[in-house]
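Two forms of the same protein chain are encoded below as structure tokens; each is given separately, as structure 1 and structure 2.
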Structure 1
């Protein structure tokens, strides 16, 4: 799920960045530091959308670095149990398949793939229905439901299922 939230961060800036462009420098450093990182609490920071306010700088003893408290708006992504996600299949094997939605790595075990889909090994391993009408292989886009999540400092892992109504393939790369 995506949230647009306000977060705060203390930014340390070297004095050489002071001057007319102080604000710009702060913001670009903030983007570099924050976008694309994860926190267990908020999830993955997709993008900073605005700066709410930049507090007064405090000079740190002995260094000359100045710390600014910055409040910023950002879009974060955090998966939840029960959430429906669309994801791209990255790897298919007999244990199930792996998929990615942005920074999230999802595993769908063969237990959670509908029983009428069978694993087919070969050059392009895939899960296929007996009539061959639906096929999941690398690069397929699937809609799945999250049933477990773990958000680490740098990675997000999820367990997914497609064993439910309206879940499954939404596009087939081989048909394109």
Structure 2
């Protein structure tokens, strides 16, 4: 789920940022460029926790920009198959529902929802048990299990299930 790792990146800096605030300018540019991004290999970069090393700059011919190799520590979020997550439902339709756990979007198919829950269309589409005691709708909090992930270069997609023990609705907004 969350990991603290060391990554490296080449940062290009314009000459106008040189001076006594060079290090601060480099770190702020690194944070702006890296935090919130996703790499398929490491996952979503949540936060940069420290700078280990800033190497010597190399001047780019013709542009004046300088490239600095920067080694930094960061916290990354990467979901794995079999992991249990708590997520917020963002959309419900007859095919299933989408939920978000931080930056990750998870799809739960109607085949992976317990058999006693039926889709109810209307102004607020939802999945409801036959006795009406449990309801999954937009903004419901659910505990689900990831059964599959697909990793692209810049995004991670997950498939989940709530058809298991201790999984399902945690908090129902309509009950409040």
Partner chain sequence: MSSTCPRRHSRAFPPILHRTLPLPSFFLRDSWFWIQDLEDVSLLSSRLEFFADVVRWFWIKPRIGGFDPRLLKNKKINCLLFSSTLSLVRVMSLATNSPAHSSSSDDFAAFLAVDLDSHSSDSSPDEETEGDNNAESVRIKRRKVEKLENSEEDIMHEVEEQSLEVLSKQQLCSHPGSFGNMCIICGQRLDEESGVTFGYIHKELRLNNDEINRMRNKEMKELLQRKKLILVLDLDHTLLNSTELRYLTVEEEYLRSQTDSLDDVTKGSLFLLNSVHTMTKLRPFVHSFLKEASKLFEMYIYTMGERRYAFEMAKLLDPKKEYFSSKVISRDDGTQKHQKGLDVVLGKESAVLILDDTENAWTKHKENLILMERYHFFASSCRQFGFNCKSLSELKNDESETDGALTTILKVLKQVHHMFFNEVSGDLVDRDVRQVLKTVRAEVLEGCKVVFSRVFPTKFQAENHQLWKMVEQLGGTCSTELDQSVTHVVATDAGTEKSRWALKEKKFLVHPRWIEASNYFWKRQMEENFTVEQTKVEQTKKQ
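Positions refer to the first chain, counted from 1. Between two forms, the rigid core is the largest collection of C-alphas that superpose within 1.5 Å. Nothing here was measured: the structure is a model prediction, and the numbers come from that model.
Asks: With each form of the chain shown alone, which structure should be assigned as the form predicted alone?
Replies: It is structure 2; that copy is the form predicted alone.
Asks: Does the distance between the two CA positions of residue 60 reach 2 Å or more between structure 1 and structure 2, the core being superposed?
Replies: True for residue 60: a C-alpha shift of 2 Å or more.
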